[in-house]
Structures are given as C-alpha cells and as structure tokens.
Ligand code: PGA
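One chain follows as structure tokens, the form predicted alone.
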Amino acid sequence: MRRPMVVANWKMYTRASDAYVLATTIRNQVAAIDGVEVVICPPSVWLSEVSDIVKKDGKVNVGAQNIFYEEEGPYTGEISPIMIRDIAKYVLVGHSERRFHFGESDIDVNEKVIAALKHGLSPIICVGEKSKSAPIGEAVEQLTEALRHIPKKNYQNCVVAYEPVWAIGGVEAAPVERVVRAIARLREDIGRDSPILYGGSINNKDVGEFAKSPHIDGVLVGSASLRAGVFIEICKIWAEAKTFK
C-alpha cells in the first residue's frame, strides 16, 4: 500500500557534530507530525549513530546512500547489505551522482536492487533523463533494467524516485506537469502499490505544488534536507496534503 514519504539525502555532507544535531532536531520535530513517513539517508559513516538517535522516537526511518551487491569479500571500502540491514530500512540505488561520478551502469543498479531485496532492505530506485529535451522513456528504461529478474510480487517493497538529472542541483524543480506525466508512465511498470517520489531541487517554497498532486507520493530532498527548519517544513507541508490510505 502506497504511503506518503519525505526522504532526506545528506549526500557527502555533515561532520559528526552536524549529523548528531541534525538527526536529533529532525527526530524531535517530526514527533508531532502524523501522516507521512520520514527517512534520513546520512553518509555511511554516520549510519549507526543516526539510527540510534532516531530509534528513540521511532517515527523516523534510516536509509543508506549506497550498497555493494556482494554479501562479503575482498572489496575494500564497500558496504554490503548484510552490514546495514539491522540499522537501516532503505537504501538509495542508482542515484544519478553514482552513475555520473562512479560509472554505475544499469547492470550494477539491477544487482544492487536484487541484493537489497534479498536481505530485507527496500531499495529507493532513482531514475531520470539527463536533459530537458530527452524523452521520459530514458527514465522508464532505467527502471525496466533496475527491475530485471525481480518477481513482480516484490515490486511493492520498492520505492521509485523520479529525479530528472537536469533539475538536480539547480535553482528550480522540474515543472509539476512534466513530473506527473513521467510518474504516470513509471507507474505502468512498477505497479500501483509502490510509492513514487520526485527529487530535484525541491524546497519548502515549491513543495506545496507537488503535494497537491495525487500522483506524487513523496519527495527526495537533497541540499534542503541539510537545513533542519526547511526540511521539517517540507515534512509538515507534505503531511498536511497527504494522508495514509
């Protein structure tokens, strides 16, 4: 069953003290917000600490920013799904920054999705076309490849994040109408029970327009999630517009 979600991606930001203050503030403020699932994806080095902080309330879940698809082995610097499954519920997979900076392919993404599901993690599968002129089919193809060899019964354990690359790190989010069209097409592949989020320069000023659409289940927030007050406001706006079905 789909649920409203607001996911924070801290990327490669925060020192230990920053992570502690940010996670604690979000935990305390989210305690008064109902009707939306909040997820924090901190850098891997802070996963355990952030998990311990948010578990004290239980209303915030934790996600990893990445995993390797092997369970264990001589893979220096990598993190396996069995290492994080006891401290995280979600894991970002296929983010455009991973594809661009680290050369992750559709095959890599598919193997990570398979590994996440095998070990009880819910993958947040990131897809999106590279340019404004590119067809939405580019994002659809990424999702198709990410779901290869996965039984449809397991789709309900996946989350999709539509993040057009051209909108990430910019000053404006993608037009809501375009996002709705893209999500409608992605919905044909992932099915009706999986949440589909929007990500790409989302902030507290424009999130309300996205929250009005019944087709958009949530948002994946990047830089705005590093400001506790802004992120909490996004959560409140989304909660007021959405309710659990």
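As the structure is a computational prediction, the values presented were derived from the model and not from experiment. A residue's number is simply how far along the shown sequence it sits, counting from 1.
Another form exists, predicted in complex with the ligand; not displayed. Remarks below refer to it.
Only one of 61-69, 40-48, 184-192, 216-224 has heavy atoms within 4.5 Å of the ligand in the predicted complex; I'd like to know which.
Comparing against the ligand in the predicted complex, the contact stretch is 216-224.
Flag Lys236 as yes or no: does it have a non-hydrogen atom within 4.5 angstroms of any non-hydrogen atom of the ligand in the predicted complex?
Result no; Lys236 lies far from the ligand in the predicted complex.
At 4.5 Å between heavy atoms, is Glu97 in contact with the ligand in the predicted complex?
Contact check for Glu97: yes, within 4.5 Å of the ligand in the predicted complex.
Is the gap between Ser201 and the ligand in the predicted complex 4.5 Å or less for some heavy atom pair?
Residue-level check for Ser201: yes, a contact with the ligand.
Against the ligand in the predicted complex, would Ile168 count as a contact residue? Criterion: heavy atoms within 4.5 Å.
So Ile168 counts as contacting the ligand.
Which residues, if any, of 19-36 lie within 4.5 Å of the ligand in the predicted complex when only heavy atoms count?
Nothing in the stretch sits within 4.5 Å of the partner.
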